[in-house]
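As a starting point, one isolated chain is supplied in structure tokens, in the form predicted alone.
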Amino acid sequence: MPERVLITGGAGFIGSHLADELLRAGYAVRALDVLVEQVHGNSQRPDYLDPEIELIPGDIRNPEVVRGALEGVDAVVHLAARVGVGQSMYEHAEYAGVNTLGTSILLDALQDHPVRKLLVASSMSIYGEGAYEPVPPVERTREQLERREWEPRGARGEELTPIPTPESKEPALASVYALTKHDQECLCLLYGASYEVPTVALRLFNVYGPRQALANPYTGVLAIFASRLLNDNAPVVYEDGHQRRDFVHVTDAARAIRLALERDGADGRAVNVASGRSASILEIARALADVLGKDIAAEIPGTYRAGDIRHCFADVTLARELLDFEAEADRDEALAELAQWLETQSATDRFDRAAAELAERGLTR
């Protein structure tokens, strides 16, 4: 009998790619997913989901559903979460309910259905600002941002240089989303240590690729930009667009998760999953417009969004040493492949509505 893996959030963007990765490796895969309309529209089962995947529609907050999903399962990959910084800043109860409470309900159920391994998707958002030298940054104040002084400074006003962020950096939770992802990570690692279940928290950076929800205005930045460009609208970039991130292709992220499932080097640890390369938001917007054949420059209104940070890109040393993981996707090739997929999609651009919602609540200025 092949080992059976439960993926919570398994019908989503990362979850479905992970399911494909695990099926190719000989696992049996069960997915628990609430199929939230903001991500999946009215679909009952996404067309891209492999027919071999056993799909259980249900909410991670429902103890009975979770207990049923765990029957006969050997390992769990916990991806179920509400995502997005902006929306989290005004839907506190929803994010805390799904991310924090939902994880707690899963862990309660696991006490009666022990598994050999537990993995949880954490997030680079828990770092807040990434790492800098020569000194740590102080949190950017609203007054600083309103002066359009985007770069963080040291406690004495020192100019800083961003450097790759290692797992040893202390969390700095700048958004409700970051807070709840930190909850998920800590809850799972604490459970693993208490019940002697090998557990790994995978701190995913900016994951991109096919199947990302183009109609969700709070999803990854590449999907948001794509939905704008496909509707001949300019991508809107907060601050000045020179903030830097680490973009990792979804197939690389899925492979890293499989390696964490199969190897014990990272047990009990949190590990960055990223490409190890950084790019500015403007650079990514231009590259995506190029592969889509759109001569549309990004719009830079000079506004900022509450909960955002300036620079964060990964030190991937631990992933290399503990999991033998190295990102393989070539960004230009991956973007070209993404463009081919995007040409087959109908993209509803809801960015303006989401931006208006944030502005009305004083979360962008």
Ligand SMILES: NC(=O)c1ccc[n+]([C@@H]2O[C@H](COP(=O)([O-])OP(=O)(O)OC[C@H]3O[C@@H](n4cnc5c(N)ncnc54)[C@H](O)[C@@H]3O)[C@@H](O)[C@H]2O)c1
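Residue indices: 1-based, along the sequence shown. Predicted model, so just to flag it, every value in this text is computed and none were measured.
The following text describes the form predicted together with the named molecule, which does not appear among the structures shown.
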{"item": "Among 175 to 183, 157 to 165, 229 to 237, 280 to 288, the region lying within 4.5 Å of the named molecule in the predicted complex by heavy atom distance", "value": "175 to 183"}
{"item": "Contact label in the predicted complex: Leu259 to the named molecule, heavy atom within 4.5 Å", "value": "no"}
{"item": "Touches the named molecule in the predicted complex: Ile309 (any heavy atom, 4.5 Å)", "value": "no"}
{"item": "Leu22, heavy atom within 4.5 angstroms of the named molecule in the predicted complex", "value": "no"}
{"item": "Tyr127 within 4.5 Å of the named molecule in the predicted complex, heavy atoms", "value": "no"}
{"item": "Sole residue of Leu70, Ala28, Leu35, Ile300 within 4.5 Å of the named molecule in the predicted complex, by heavy atom", "value": "Leu35"}
{"item": "Among the candidates Lys117, Arg82, Arg255, Lys294, the residue which, in the predicted complex, approaches the named molecule to within 4.5 Å (heavy atoms)", "value": "Arg82"}
{"item": "Interface residues of 86 to 121 toward the named molecule, as seen in the predicted complex [heavy atoms, 4.5 Å]", "value": "Val98, Ala121"}
